[in-house]
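Here are two versions of the same chain, shown separately as structure tokens and labelled structure 1 and structure 2.
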Structure 1
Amino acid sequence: MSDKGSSLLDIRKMRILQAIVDDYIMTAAPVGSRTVSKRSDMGLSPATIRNEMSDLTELGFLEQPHTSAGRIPSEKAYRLYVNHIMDSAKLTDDEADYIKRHLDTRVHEVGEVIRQTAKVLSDMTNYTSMVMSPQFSAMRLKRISLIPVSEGSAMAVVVTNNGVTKNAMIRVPETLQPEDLEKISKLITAKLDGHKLGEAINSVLPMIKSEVGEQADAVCDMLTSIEESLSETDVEVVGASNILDYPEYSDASKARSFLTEVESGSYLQKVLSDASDVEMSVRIGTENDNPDMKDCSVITVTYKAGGENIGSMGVVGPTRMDYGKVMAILRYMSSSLSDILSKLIK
């Protein structure tokens, strides 16, 4: 939400709205004026608070359930809360130690680190966690080697400038000899060095074609195969059933829709892919362009290796999410994962 929303409210209304959102996040129960007035830092009568709550309702920041005299925050309120009102949260020393201890014990293989990160993130937040494996197509290339395996096939060994190595089996023309593959490897490496794999086909391939002559089509096919093999990205999802712990999802059909969407994984993968260039993203309710996620909030952060963004991770929970705490956990875990991957790659 822009600053226009916050400019509608004076300091008193902002404090009352913060108190209501804080209380509703903790209890999931509609918040009344007496509850707010009992806060030691408020110093306002219930009558005054009721008037302010009425104004906040008219402005669209609060909603009143039919069966309750209390109010609950609207999606508009959560956006204002995240952008302007909430107090920043920090991890305790014990929480930071827990994350370090559980991640540092699994640093032997990238896939293990990703899986453990997803598990720790879900354990720490009690929400659904998702961690995208490193996006190879987003990394800059350093070297490609084509190693003959059998007649008509070769292994492409791709090394990025931040040290990540990945292999892909590809088809090659049976007429190509080992010395041909070595020559093509050197040429491709010279031309692609410093480029992202995703840029290779469109921007770099024309330069290669003019130098490989009659082998141009074969090189084109090989590069396309390499790109397709390495552009596949996995998403590790943990704790989908955690959503059942929240009263918002006590309705069986609503819970089933959420679990089905999470299980398919396509929307979560899209969210993480879209967030791969944004340090932190917060989508609240209908800001998620998926009807099964309209009552959820999704927070994502990127992680790095060698100083470049190579992936993202996130948390999915009800809009009544403890935003400050989740954002603090995600920032810390992003930093921890970045450090571990950088060491592991080296």
Structure 2
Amino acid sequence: MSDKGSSLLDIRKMRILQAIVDDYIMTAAPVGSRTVSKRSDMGLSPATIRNEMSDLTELGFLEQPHTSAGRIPSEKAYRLYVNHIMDSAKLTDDEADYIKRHLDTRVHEVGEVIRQTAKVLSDMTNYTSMVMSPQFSAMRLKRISLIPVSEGSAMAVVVTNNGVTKNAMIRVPETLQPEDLEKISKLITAKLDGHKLGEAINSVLPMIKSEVGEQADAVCDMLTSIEESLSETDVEVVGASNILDYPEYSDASKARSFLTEVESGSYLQKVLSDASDVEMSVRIGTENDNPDMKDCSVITVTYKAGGENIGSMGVVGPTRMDYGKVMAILRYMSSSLSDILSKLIK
């Protein structure tokens, strides 16, 4: 049996597989030949479907929980479904409306927008949503202000040229006076203006050094720890408890390990970071290299501001996820968020 790539199933098998996946996504119950025969309007008898399903099982697209149950899709099936089969759903007018109404464009702070986005995403999909805040590494700086907090520590407020801000507590030499910090702020703001922080450290720092004289080392340390702080990305996760609505997580220990993993956030953060350059990515089941997520799928999209990718967001749910709907929602949300941010941060 020659397997010239999994996409080369004949049309009929494709349609049967689609019917099975669609049904299983809705019901979470193994799908039998009779059901397929009735639901897919192909005019084939259950017996014929059975033969095809048997083939599909042999090819690894279907699995049988036990002899006399129906079939459930394998990961391979979901992969094929996502890549080649599924109807790429359009949002209904109601759904688009809902998003428009709940993403309040009057909000004027980036963090608030991020939180709203996560909330809407989770409410609409009924899965767990996550939204990464815009990444600084891609943005150009406008200003860095050092504000004295106590002897030996200061808060650095970094503002980008598109109006996103972030703060970092840093240590400063105790000898530095508030006025010194103000001077340094002005100096590094003048020098860094328009650069990205990462490159600034290398190319601009030497120039700064020559001007600050004895405080050169201190300034260098400060910039380094600012850069460190800024490279930490915040992720807003909402709706983790939605997972309990799905029967595959009715087992408390499975739910527990999912929720613990989500609460720690480290894996999700990694996925979002990794996905920050592909427009849309889908990880199905064990494609997540994390055993706690082996029964989950994670779908991410990037969002932009000023034509550049500056962050990503996504949805986590059971592998039996409504891929079409979620992908449609994510696409729409991505462009909504990009619009809002572009306006917000000009």
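It should be emphasised that the depicted structure is a prediction, and the values quoted were computed from it without experimental measurement. Here, a residue number simply tells you its place in the sequence of structure 1, counted from 1. Take the two forms, superpose them, and find the largest set of C-alpha atoms that agree within 1.5 Å; that set is the rigid core.
Here, the chain labelled structure 2 is taken from the form predicted in complex with a further copy of the same chain. Core-superposed comparison between structure 1 and structure 2: the C-alpha position of P173 differs by no less than 2 Å. For E248, a C-alpha deviation below 2 angstroms is recorded between structure 1 and structure 2 after rigid-core alignment.
When the rigid core is held fixed, the Cα atom of D221 travels 2 angstroms or more between structure 1 and structure 2. In this core superposition, A156 moves its Cα by 5.5 Å between structure 1 and structure 2.
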